[in-house]
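Listed next as structure tokens is one chain, alone, in the form predicted on its own.
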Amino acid sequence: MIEVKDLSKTYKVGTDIVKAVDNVSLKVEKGEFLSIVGHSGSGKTTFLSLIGGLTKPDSGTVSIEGTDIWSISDNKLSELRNLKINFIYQFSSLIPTLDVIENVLLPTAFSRDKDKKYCDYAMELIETVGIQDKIKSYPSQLSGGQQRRAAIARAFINRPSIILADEPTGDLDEETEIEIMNLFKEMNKNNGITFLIVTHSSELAKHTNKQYRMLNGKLNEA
């Protein structure tokens, strides 16, 4: 599903060169449920953005289902992200002028498939994450945890093949964190979605089937 070879990304910070991702290789099979653990600044968020086609590497390749994502046009890359990949970010990134259901449905605006069943599925997802009483609320009217739940529902609306999640339960209490991880496991098992989760929490990583650790841009199996 995902194959990364010799991937590197550096940033210039003042006069210093920081190796955010340092010659990393990784294979992720279809339907895997894995995590990458690392502290802030270890390179895990950069690595996720490289895999998702949001950041271009200095060297190395990223292939999704055999397609080198940096060998195709911007339009093709955008289409691949829309059809195959969805992100759950550290922050909810909801559009402030849209209510909950409009935010959840937003990715479908860029889809060729205008199936009306999206609305029914959006309601199902909103109910699954437990904010069905907030469907007409705007982000400013939601708590941080409720915003995170809406963002999680949005990530599934296009029925992606891959979920890339960056600290997906960061604003949630422990009980809700477990509920969300159980939802991820269910989507993984029943829908075959491949999950790659990056987190600073070793406890959260224990919910996944395989764990890696990132330190100073290097990746090793935990």
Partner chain sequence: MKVSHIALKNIKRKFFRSIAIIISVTVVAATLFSVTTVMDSVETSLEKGTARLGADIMVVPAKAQAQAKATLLAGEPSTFYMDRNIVDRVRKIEGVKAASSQVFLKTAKYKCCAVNDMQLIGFNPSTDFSIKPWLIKKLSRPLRDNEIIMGRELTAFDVGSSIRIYGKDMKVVGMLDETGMKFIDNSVFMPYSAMEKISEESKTKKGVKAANLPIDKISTVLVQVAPEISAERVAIFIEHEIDGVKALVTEHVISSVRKQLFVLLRSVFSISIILWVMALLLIGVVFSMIVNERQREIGLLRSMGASKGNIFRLIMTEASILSLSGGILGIIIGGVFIYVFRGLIRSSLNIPYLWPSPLEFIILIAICLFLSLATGTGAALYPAIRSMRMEPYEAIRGGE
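Quick caveat: nothing in here was measured; it's all calculated off a predicted structure. Positions refer to the first chain, counted from 1.
Missing here is the form predicted together with the partner chain; even so, the following discussion is about that form.
Proximity of Thr128 to the partner chain in the predicted complex: non-hydrogen atoms within 4.5 Å are absent; the residue sits far from the partner. Contact annotation: Thr194 falls outside 4.5 Å of the partner chain in the predicted complex, judged by heavy atom distances. Contact check for Gln146: no non-hydrogen atom falls within 4.5 Å of the partner chain in the predicted complex. Within 4.5 Å of any heavy atom of the partner chain in the predicted complex lies no heavy atom of Thr169. Residue-level contacts in the predicted complex: of Leu98, Ile72, Met123, Leu142, one residue has a heavy atom within 4.5 Å of the partner chain, and it is Leu98. Using a 4.5 Å cut-off to the partner chain in the predicted complex, not one of Lys5, Thr61 and Thr67 places a heavy atom inside that distance.
Residues Asp74, Asn75, Ser78, Arg81, Asn82 of 67-82 are found to place at least one heavy atom within 4.5 Å of the partner chain in the predicted complex.
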